[in-house]
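Let's start with one chain on its own, the form predicted on its own, as structure tokens.
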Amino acid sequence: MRTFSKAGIAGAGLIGGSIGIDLKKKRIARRVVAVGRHKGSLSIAKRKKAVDEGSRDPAVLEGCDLVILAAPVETIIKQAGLLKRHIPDDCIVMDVASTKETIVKKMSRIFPRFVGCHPLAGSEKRGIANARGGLFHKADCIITPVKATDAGALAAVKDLWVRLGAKPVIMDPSRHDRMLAYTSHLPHVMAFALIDALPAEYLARSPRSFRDMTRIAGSSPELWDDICMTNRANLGRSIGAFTGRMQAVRAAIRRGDKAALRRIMKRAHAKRSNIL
């Protein structure tokens, strides 16, 4: 098991901060630093013992042997050139973004030891204030290597996620994006659209089922518009598939066709029962 001498986090929010807490608590890294835009967030990260030092200057990443890119995809892409100046070529660099194809392609060209990752953990709450140790316990973490991925870096990243409590799953970046378009990105878009469609006067009397279904609409719009735009082709297809099913439901209800409606519901019920 490798112990990193200095780990850096670019974007110490919910995911980055939670990684930092466990890197320190489990002694996976001797020192943890973070670079971010806001002094307040960096101060909270230090108070929560997610980092030893936080700075708005990317020079804080100099000498790191592990760097976690924990900002939204478009932010990572914009900042990569600047960060590259301070990150050694032999440093292992990984990201934790929710879409993979674009970022893996671009970051693999910039960082020689880059490994794409997406831990399937977190919540609709965002920011370092919500970071906590143990966030990744028993969660799947999808790792998306490509031909250019350094074998040693890949092995180290797989071991790192195991030590963080996650279960590594190897997957092609494009397959990851197709799958997540249905299992994560579509549900979030649906939740935003559903609560947007609700007449405001009904909010106060909405039942628990509505609150449960729209919980993820409490997620950050700034994060989710980034995810939608960086996976828009796959998301467009998943929205199309869902719209087709909704049209079938609507048609059955309009016709008063209870048998057709029940067939749709029974098929969905059986499929839902297969979720582990």
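Residue indices: 1-based, along the sequence shown. All values reported here derive from a predicted model rather than from experimental measurement.
Quick note: we don't show the form predicted together with a further copy of the same chain, though the next part is all about it.
J.: Any chance S184 has a heavy atom within 4.5 Å of a further copy of the same chain in the predicted bound form?
T.: Residue-level check for S184: yes, a contact with a further copy of the same chain.
J.: D65 versus a further copy of the same chain, in the predicted bound form: is there a non-hydrogen atom within 4.5 Å?
T.: D65: no, not in contact with a further copy of the same chain in the predicted bound form.
J.: Does any heavy atom of R31 come within 4.5 Å of a heavy atom of a further copy of the same chain in the predicted bound form?
T.: Taking the distances in the predicted bound form, the answer for R31 is no, it never comes within 4.5 Å of a further copy of the same chain.
J.: At the 4.5 Å heavy atom threshold, is D172 in contact with a further copy of the same chain in the predicted bound form?
T.: D172 lies outside the contact set for a further copy of the same chain.
J.: On the criterion of a non-hydrogen atom at 4.5 angstroms or closer, are L198, E222 and M265 all touching a further copy of the same chain in the predicted bound form?
T.: Checked in the predicted bound form: all three residues contact a further copy of the same chain.
J.: Could you tell me which of 155 to 163, 190 to 198, 105 to 113, 86 to 94 sits within 4.5 Å of a further copy of the same chain in the predicted bound form, going by non-hydrogen atoms?
T.: So the stretch in question is 190 to 198.
J.: Scan 195 to 231 and note down the residues that get a heavy atom within 4.5 Å of a further copy of the same chain in the predicted bound form; none is a fine answer too.
T.: Heavy-atom contacts within 4.5 Å come from I195, D196, A197, L198, P199, A200, E201, Y202, L203, A204, R205, S206, P207, R208, S209, F210, R211, D212, M213, T214, R215, I216, A217, G218, S219, P221, E222, W224, D225, D226, C228, M229.
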